[in-house]
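Below, in structure tokens: the form predicted on its own, a single chain.
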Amino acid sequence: MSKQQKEAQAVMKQHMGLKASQRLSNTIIYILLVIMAVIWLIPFVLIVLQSFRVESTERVNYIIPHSWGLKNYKALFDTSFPRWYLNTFIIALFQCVIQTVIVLCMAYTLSRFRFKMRGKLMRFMMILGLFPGMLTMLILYNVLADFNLTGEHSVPGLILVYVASSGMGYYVSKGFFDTIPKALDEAARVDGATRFQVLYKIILPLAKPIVIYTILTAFMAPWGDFVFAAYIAHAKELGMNVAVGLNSWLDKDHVTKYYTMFCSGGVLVALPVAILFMCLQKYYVEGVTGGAVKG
């Protein structure tokens, strides 16, 4: 066997060894991911199973229901759940529209314009974002109470608070806008387009992933908010969102009657958000990764 053949065999063995080690590492990674997915899905599967259990409304020590049915889902409509659901949907819809407009305008302005104090403004908003929102709960409650936006009227109050600081969430969108060549803006301006036309007709169509990402994050946020929503609703059912309302069924006076209905409500809350996310997941991922390139 010649020297060249021996070297070729050595290279081939080395290549096969690398492929084998890569397969092994990929297999281990896939196994870990499957285990993590199973652990993550177990609570959701349990909630779904309990939502179809009709033999008892209390918590039980078994997983598979003895009797199946839609009784719990039907019973939801005889409670305040539809009102809580509507409240949350209204909040999510308003926040989705208003926050998306504010964030995209803010991101476009900071990405394309150069003005005095621009850098200091960005640093100031970043510093403000480092403070936990819990610090402002007391003063926000006092302000909303002065305008009668608590209790039964907490829905407008929540919308106001949620969209008030929307501009500070510009980071990801600005990073995406930075990746779009400014030559496109300049060419459109030479052709007589206004700044708004540049944003609406050129930038936004090219930034579709980040627009959908912004819409998704704005829409999903109110569905899971509990702390502040509970704080300003203060046990008034007409002003509760679904998170606060469903949680009220878990206290010791109601849990035996409403436990399976709580599970059914949780499924109905998660369903539209999950469907929306799965349908637009591609754009969500593109928006996150694209916006993280530059900023």
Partner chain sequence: MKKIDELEYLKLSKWNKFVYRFLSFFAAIPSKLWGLVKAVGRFFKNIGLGISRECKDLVTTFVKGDWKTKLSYVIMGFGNIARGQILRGVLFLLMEVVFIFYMFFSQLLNADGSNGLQWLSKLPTLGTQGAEIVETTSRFGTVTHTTIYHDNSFKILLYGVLTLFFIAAFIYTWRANIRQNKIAEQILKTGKPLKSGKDDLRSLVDDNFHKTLLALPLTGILVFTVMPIFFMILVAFTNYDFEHDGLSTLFHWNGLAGFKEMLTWNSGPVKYSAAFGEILTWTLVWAFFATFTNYFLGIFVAMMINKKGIRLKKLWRTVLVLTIAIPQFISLLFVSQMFAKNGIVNGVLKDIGLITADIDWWNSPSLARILVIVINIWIGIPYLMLIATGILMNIPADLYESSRIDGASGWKQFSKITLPYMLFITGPYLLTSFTSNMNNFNVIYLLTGGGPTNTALSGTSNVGHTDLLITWLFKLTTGANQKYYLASVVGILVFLVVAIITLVVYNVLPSVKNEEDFQ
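Numbering follows the first chain given and starts at 1. Throughout, rigid core stands for the largest set of C-alpha atoms superposing within 1.5 Å between the two forms. Note that the structure is a prediction, hence the values are computed from the model and not measured.
This protein has a second form, the form predicted in complex with its partner chain, left out of what is shown; the following refers to that one.
Not one of Ser67, Ala75 and Val172 places a heavy atom within 4.5 Å of its partner chain in the predicted complex.
With its partner chain omitted here, the record of contacts in the predicted complex names 217 to 225 of 67 to 75, 89 to 97, 204 to 212, 217 to 225, defined by a heavy atom within 4.5 Å. Contact check for Met168: a non-hydrogen atom falls within 4.5 Å of its partner chain in the predicted complex. Looking at Tyr258, you'd find every heavy atom of it more than 4.5 angstroms from its partner chain in the predicted complex.
The shortest heavy atom separation between Arg195 and its partner chain in the predicted complex is within 4.5 Å. Its partner chain is not drawn, but in the predicted complex it has a heavy atom within 4.5 Å of Asn247. Contacts of stretch 171 to 186 with its partner chain in the predicted complex, defined by any heavy atom lying within 4.5 Å, are made by Lys174, Asp178, Lys182, listed in sequence order. Once the rigid core is overlaid between the shown form and the other one, Tyr62 does not reach a Cα shift of 2 Å, moving by less than that. For Leu24, the Cα coordinates differ by 2 angstroms or more between the shown form and the other one after the core has been superposed.
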